[in-house]
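Given next, in structure tokens, is a single chain: the form predicted on its own.
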């Protein structure tokens, strides 16, 4: 049970931990259920809004506890309604999380970060330029959801681990956070997506852990030589090993995987690349999510033309798979895929 100075941080606590906290301060056990509901199912800004708690108990909570340890440093809302949050933790380190909504859908999707910075070094990603600073704890990951819900007054329904950092390089804390999201926030595993650039040993571990969540793989190239040029992780976990781990995941779980492929003009977007990608994925059960490159500061890569994107998609569809071009969300506030840099935007 984490404390800031003498204050207990409630975000990220399980029901049993809340019970322990409640009884430890001399309150009856039924208070645990009330507090758990307010913390995870009724997004309120502070203890004063927890209306079924007595005034004395609310004051007691204010004296000894905080809902979360982090704070919003900057909040930007895009033209499409996407909200980008820059969050600061007590040690002064900052990370971004994004809330996305879609027209005519009730779902609210939180894009969560798992690390401050990233050690993977993909050449087309802004986070990679920040370098790796540290892992986030499960509580710090959960606080991103709590931040969104307290700020908007709305409940998050879907989770994608596609923010800053590589989730499977922070395996223990990421999977602990997933368990809390599932059991305490009651978000089903099929509404949780973990995106990885291909940390092969932990794909095997994740497969054995839970068979219902969605696995997304940041592939971005159809062959070893090209992939190692734009994704250094290829040097440690080459494509052939990655493909074998994906076969294991599919066979063990019976679940389809999502292949994420960022299209970069003149780098990986030719018809030949599309054909090669079809061949590479022949034995897998998958969908492909094409992501037109989003501009980042200090990078010369460019987005392909609409014609090139459509031609690439048409070739992939020849393999009779579901191919989608990701709807760009939040690019005007640097909240789109690959743009999160963990800094103030002027």
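Computed from a prediction, not measured in an experiment: that's the story for all the values here. Numbering follows the first chain given and starts at 1.
The protein also exists as the form predicted together with a small molecule; that form is not presented, and the subsequent description refers to it.
Participant: Could you tell me which stretch in 237-245, 172-180, 142-150, 195-203 has residues with non-hydrogen atoms within 4.5 Å of the small molecule in the model of the complex?
Facilitator: Only one stretch qualifies here: 195-203.
Participant: May I ask you to state whether residue 124 is within 4.5 Å of the small molecule in the model of the complex, using heavy atom distances?
Facilitator: Residue 124: contacts the small molecule in the model of the complex.
Participant: Just checking whether residue 166 would be counted as a contact of the small molecule in the model of the complex - the rule being heavy atoms within 4.5 angstroms.
Facilitator: Residue 166: contacts the small molecule in the model of the complex.
Participant: Using heavy atoms and a 4.5 Å limit, would one call residue 162 a contact residue for the small molecule in the model of the complex?
Facilitator: It does: once the small molecule is placed as it appears in the model of the complex, residue 162 has a heavy atom within 4.5 Å of it.
Participant: Does residue 312 make contact with the small molecule in the model of the complex, using a 4.5 Å heavy atom cut-off?
Facilitator: No, residue 312 sits far enough from the small molecule in the model of the complex that none of its heavy atoms falls within 4.5 Å.
Participant: If you check 61, 39, 288, 291 against the small molecule in the model of the complex, which one has a heavy atom within 4.5 Å?
Facilitator: Selected residue: 291.
Participant: Quick one: from 296, 53, 66, 281, grab the residue that has a heavy atom within 4.5 Å of the small molecule in the model of the complex.
Facilitator: Of the candidates 296, 53, 66, 281, 296 is the one lying within 4.5 Å of the small molecule in the model of the complex.
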